[in-house]
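The form predicted alone is given below as one chain in structure tokens.
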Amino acid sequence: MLDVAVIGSGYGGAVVAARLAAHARVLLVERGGWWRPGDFPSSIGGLARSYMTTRNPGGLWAMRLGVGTGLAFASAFGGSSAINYGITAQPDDHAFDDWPLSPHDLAPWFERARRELGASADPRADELADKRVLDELEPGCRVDLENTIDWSRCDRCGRCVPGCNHGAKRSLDRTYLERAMREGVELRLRTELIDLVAVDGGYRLHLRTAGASEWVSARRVVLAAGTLGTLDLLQRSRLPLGPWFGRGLSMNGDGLAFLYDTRRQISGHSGAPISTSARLRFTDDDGRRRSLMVMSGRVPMAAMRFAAAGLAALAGVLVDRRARRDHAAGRWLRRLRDLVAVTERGALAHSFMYKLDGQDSSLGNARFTSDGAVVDWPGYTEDPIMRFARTRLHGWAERIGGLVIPDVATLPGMRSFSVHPLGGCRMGLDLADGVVDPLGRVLDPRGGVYPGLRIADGSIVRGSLGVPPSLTIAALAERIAADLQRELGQAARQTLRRAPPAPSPSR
């Protein structure tokens, strides 16, 4: 029997596997494959072909659509680290105001995760004009970001999403997962957990790989399949759970908007990774402190012609009186230049791509369909954090000109999209407050916790963080893994005490 089965290899599962593999027999199960440099799609067509479906179960990514929302997620060894920008940021302390853990409780685990992930700031970020523009627009609020990127190998192509083909990104297969494999973890790729059954002394797991299936047994199971994946697994397991299961989901304030064709040359022509941001703070009408991170996004070089044409078309449809004071002939000349060749003289080079993360109200609810969990939140676009973002971005347009092309969710027939769904199995002190306890142990409505069953991914995050969640998930998993390591050591000592004495050697 396995000591521990870890389901999922993202920021939670990778941490747990790395910390336990040297101390126990650990199986790591990952639905996706191992995408290495050179394997990632490099065009829009390639991205479409890598979409995961029943006919293409080895796909890199997929989406699920709920009422008012759309969620995108990765299916790969290393989870979202394979296809994200590697942004590593710690939330403001007030993000934990209603948590059962304080920032002080989490501080050593944040530091441990930060060291292992090895993130660092872009040494060439000062070459990009957006830092100076942010200082002008939001004095004292600029925060230079750290990314899990080997900057000596980065060629500024901007293809961190959907995956670095140059080997510059320090995704989890080069940090935590590399450690786990070195320590002897048993690895099953392209393998899906389709059923989980509690039995005496542990759990039975039904695994499916390439049409074949088998049952394995484990004393302990750590669910780390990502927010949607873990919700799916628990729903299929039929284990009784508390009333917070599937409730209180957050989109983490995700949004994407543009300030198009301003009077300032910014960085829209450069495909460099996201390296700087402004962190804005406000108090909502209910007296709750919230944070909004406005990151200076990048249009990947391969998509610049497409983006230039699309933004110019939208600019011709949308009307914003606040943008009319700019000289119309100059605006259209810049836009026409982009259609010929995207250069520093065009409109895209004078545009700001906002990548938003913020503290939303966590009012999403899971709904289980034949394809799995989706999140319904029809009023997301009117959440206080999204209204604040719109107001602030229009204020920027007043300062430096340009047309605000709003979050896609505000356009007719569109949805809010997130790549950071959080919650649904939130951490709490008891069943009236959450689904797991502060150590990730799943609470049993009949009393206590389910022995040996824990969750260590974004689904246990109690509320929106206001920053990309990878570092927070890794820190929580570090804390959970340390307690599991203690538990394994305690079990080993008890086994030794129960063992019969060795027979005396005969003479």
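From 1 onward, residues are counted along the sequence shown. Keep in mind it's a predicted model, so treat the numbers as computed, not measured.
Form predicted in complex with a small molecule: not shown, discussed below.
Judged against the small molecule in the predicted complex with a 4.5 angstroms heavy atom cut-off, the residues Gly8, Ala72 and Leu193 are in contact without exception.
Just one listed stretch, out of 42-50, 446-454, 465-473, 478-486, contacts the small molecule in the predicted complex at the 4.5 Å heavy atom level, and that stretch is 465-473.
Interface residue among Ala225, Val294, Val221, Val375, judged by heavy atoms within 4.5 Å of the small molecule in the predicted complex: Ala225.
Among the residues Leu177, Ile87, Met386, Ala113, the one placing a heavy atom within 4.5 Å of the small molecule in the predicted complex is Ile87. The small molecule is not drawn, but in the predicted complex it has no heavy atom within 4.5 Å of Leu259.
When contacts are judged by a 4.5 Å heavy atom cut-off, Gly364 does not count as touching the small molecule in the predicted complex. Residue contact check for Ser80: one or more of its heavy atoms lie within 4.5 Å of the small molecule in the predicted complex.
Residue contact check for His420: one or more of its heavy atoms lie within 4.5 Å of the small molecule in the predicted complex.
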